[in-house]
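Presented as structure tokens, the chain that follows is alone, the form predicted alone.
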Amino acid sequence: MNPASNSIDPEWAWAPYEPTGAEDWSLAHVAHFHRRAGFGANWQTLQESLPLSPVTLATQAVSQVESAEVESSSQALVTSILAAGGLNQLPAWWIHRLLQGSATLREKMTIFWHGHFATSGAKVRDPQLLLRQNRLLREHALGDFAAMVHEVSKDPAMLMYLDSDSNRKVHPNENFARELMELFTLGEGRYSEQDIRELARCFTGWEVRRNEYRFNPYQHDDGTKRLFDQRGQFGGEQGVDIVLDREDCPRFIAGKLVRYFVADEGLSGEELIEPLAVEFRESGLQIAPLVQRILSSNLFYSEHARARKFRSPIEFAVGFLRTLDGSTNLIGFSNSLKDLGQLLFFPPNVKGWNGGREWINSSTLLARANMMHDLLARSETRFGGGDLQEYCDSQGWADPEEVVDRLSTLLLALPLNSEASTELTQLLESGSGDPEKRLRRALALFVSLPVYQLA
């Protein structure tokens, strides 16, 4: 279990991490950063990152923009999917971005907001609306939180998902008002049932017509509302602003980001989170400075964070391919993520994915092992565009011990124990059978280890 947050000094926790020696800044530290701020990194990227400071790494990650080449190929794929009406191909499109893109922190934050402002293709069947929301989340992923909430509040996919696409004054729909406060901004227990009813009145007249948001003044309740400690003839935009102005809002978002980037459990105490909440509030709810501070902090690189997260299915599978310059059939790859519990564009409910320990159970562990076995058995699964043996040779990994050592550094949050290391080395040293098949069997065994499930 993670040490309790009340034993951690908040001032120390969020101060910049400043290594003083080689043991304080190694390939293991750099690999930890890339696993958390993205989906892992290949050997070359780790080597290039090592001379950089923790603050520089975080600064570069926050400011990284996607390449024109990836944007072009992504748009071409979108055009093809929409032409075929391919709702079920949307996950493969996003996997393409995750595997090929360079702005990995922005993509990881887009996944975070996708789970935070959860909308599912199981109910919103229009791929264009889902893609529009996806672009909205990506655009604001590291930007202005208040602006994102305002846009999400008028997003047709969100309004349809929460049955708030025709909100009339004679019967205000409370779904969106409740989720705006409970899931999107304040957290459970930070509002009353009266606040829900009054906020729902603010949103009356909000509709979706021809897949676009529209305000219908004839259906708007223009009477006086009492929302928290304020009274007035508030509309929806004013209602959102009143909620965003609550002190609970920056604390709630900062706490969720700490759990997302640092540790699944044990770090949610208000005293620990408060310095981040204050900075977030004073910045005008700007996301990038908050994320940058978390990713360059003492706490992020400490024992309270290392190996304190369970890999999500996306981190488990996409991280594996990105780390080893892998490629495969995207449709089959994205479909297999459903068995692991995380199919993009199809979160299970309005709360998104719970994550943490809930990623791991006997069923999902078996599904993970089967997925990797199938992935590595496919001839179209390539590494650096070729066979796995050719890839290892191109990296200069000359002998079995070195292969195991490099894989451990690249893929694991904790050192490989001696028993597992010996077993994998002996499997690679075996003189019988096809060397390529031995390598792939060893790699399948490697990623089925319990330690690989930790980020």
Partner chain sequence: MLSNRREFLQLAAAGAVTLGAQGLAPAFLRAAAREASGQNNVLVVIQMSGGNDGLNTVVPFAEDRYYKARPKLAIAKNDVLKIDKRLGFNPVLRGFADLLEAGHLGIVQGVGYPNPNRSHFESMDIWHTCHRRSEDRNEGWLGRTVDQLQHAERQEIPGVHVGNDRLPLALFSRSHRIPSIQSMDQFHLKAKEEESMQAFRRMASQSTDSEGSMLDFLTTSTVTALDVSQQIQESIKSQSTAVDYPQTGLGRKLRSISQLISADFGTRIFYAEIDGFDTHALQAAAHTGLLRELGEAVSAFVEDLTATGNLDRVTTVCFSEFGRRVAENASEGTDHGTAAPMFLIGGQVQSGLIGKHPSLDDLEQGDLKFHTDFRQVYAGLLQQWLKCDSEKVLGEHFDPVSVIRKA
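Residue numbers count along the first chain shown, from 1. As the structure is a computational prediction, the values presented were derived from the model and not from experiment.
One more form of this protein exists, namely the form predicted in complex with the partner chain; it is left out here, but the text below deals with it.
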| query | finding |
| --- | --- |
| Listed range touching the partner chain, judged in the predicted complex by heavy atoms within 4.5 Å, from 274 to 282, 289 to 297, 343 to 351, 231 to 239 | 343 to 351 |
| Triplet L77, R138 and L439 all within 4.5 Å of the partner chain in the predicted complex via a heavy atom | no |
| Among the candidates E71, D245, D144, E358, the residue which, in the predicted complex, approaches the partner chain to within 4.5 Å (heavy atoms) | E358 |
| Candidate from S153, T328, N173, Q89 lying within 4.5 Å of the partner chain in the predicted complex - any heavy atom | N173 |
| Touches the partner chain in the predicted complex: K309 (any heavy atom, 4.5 Å) | yes |
| Contact of E193 with the partner chain in the predicted complex (heavy atom, 4.5 Å) | yes |
| Partner contact for E390 in the predicted complex: the partner chain, 4.5 angstroms, heavy atom | no |
| Contact flag, L454 vs the partner chain in the predicted complex, heavy atom cut 4.5 Å | yes |
| Neighbours of the partner chain in the predicted complex among 182 to 218 [non-hydrogen atom within 4.5 angstroms] | E182, L183, E188, E193, R197 |
